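Next up is one chain by itself, shown in structure tokens, the form predicted alone.
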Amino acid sequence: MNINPQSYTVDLDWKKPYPSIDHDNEAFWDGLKEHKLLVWKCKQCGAVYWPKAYCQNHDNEPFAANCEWTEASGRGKIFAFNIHHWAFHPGFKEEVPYVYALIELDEGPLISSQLVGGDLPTDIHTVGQTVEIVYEDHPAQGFTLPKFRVVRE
């Protein structure tokens, strides 16, 4: 699959497990629908987290009032990856083999996602390559998934 745009729409029936969207991460998922990758940032020291967490650098205000969602660059580097040759859920069987990766965002946190596009990693030398987010919209299901593609610099 050659993915060039920053987003694409999938209008197929959803046969995979649904994302777990709740009160604590609803803003993150709403951001994805607006094609914004949100991370959790401490207003006091600037530390950035994903997923949402209390700041580890100092005492926190009640209900994490010292933190807020902020937009990330959507860029990072491949921290680790694996290639799935077998579907662990029937909904993924049409996509195997696919590449699942840990991405170290430029802001610091790690996020896991599927790599898409025509320039997928094949060996350990791919670790450290630059990637950028691609938004996979699912309008019928009402959510957007963050996926990443390798960027040649």
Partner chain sequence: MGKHASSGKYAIVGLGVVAGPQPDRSERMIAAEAARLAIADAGLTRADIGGAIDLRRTGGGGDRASYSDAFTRVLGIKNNFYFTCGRGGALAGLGMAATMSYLDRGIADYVVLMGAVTDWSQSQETRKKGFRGMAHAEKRGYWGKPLGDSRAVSHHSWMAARHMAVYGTTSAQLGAISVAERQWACMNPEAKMYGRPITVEDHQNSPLVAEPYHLLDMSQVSDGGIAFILTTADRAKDCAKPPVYVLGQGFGEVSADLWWEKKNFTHMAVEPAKKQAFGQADITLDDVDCAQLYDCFTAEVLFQLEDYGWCKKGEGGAFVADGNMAPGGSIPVNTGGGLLSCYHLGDLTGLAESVRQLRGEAGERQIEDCDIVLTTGHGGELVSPGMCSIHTCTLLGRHA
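Everything quoted here is computed from the prediction, not taken from an experiment. Positions refer to the first chain, counted from 1.
The same protein also has a form predicted together with its partner chain, omitted here; what follows describes it.
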Worksheet item: Of the options Gln44, Thr70, Ser112, Asn60, which one has a non-hydrogen atom that comes within 4.5 Å of its partner chain in the predicted bound form?
Response: Ser112
Worksheet item: Even though its partner chain is not shown here, does Gly118 get within 4.5 Å of it in the predicted bound form, heavy atoms only?
Response: no
Practice prompt. Give a yes/no on whether Ile124 approaches its partner chain to within 4.5 Å in the predicted bound form, heavy atoms considered.
Written response: yes
Worksheet item: Is Ala27 one of the residues lying within 4.5 Å of its partner chain in the predicted bound form, judged by heavy atom distances?
Response: no
Worksheet item: Should Lys147 be counted as a contact of its partner chain in the predicted bound form, where contact means heavy atoms within 4.5 Å?
Response: yes
Practice prompt. Output the sequence-ordered list of residues from 68-99 with at least one heavy atom within 4.5 Å of its partner chain in the predicted bound form.
Written response: Phe79, Ala80, Phe81, Asn82, Ile83, His84, His85, Trp86, Ala87, Phe88, His89, Pro90, Phe92, Lys93, Tyr98
Worksheet item: Do His84 and Ile124 move together or apart in the predicted bound form, judged by C-alpha distance changing 3 Å or more?
Response: closer
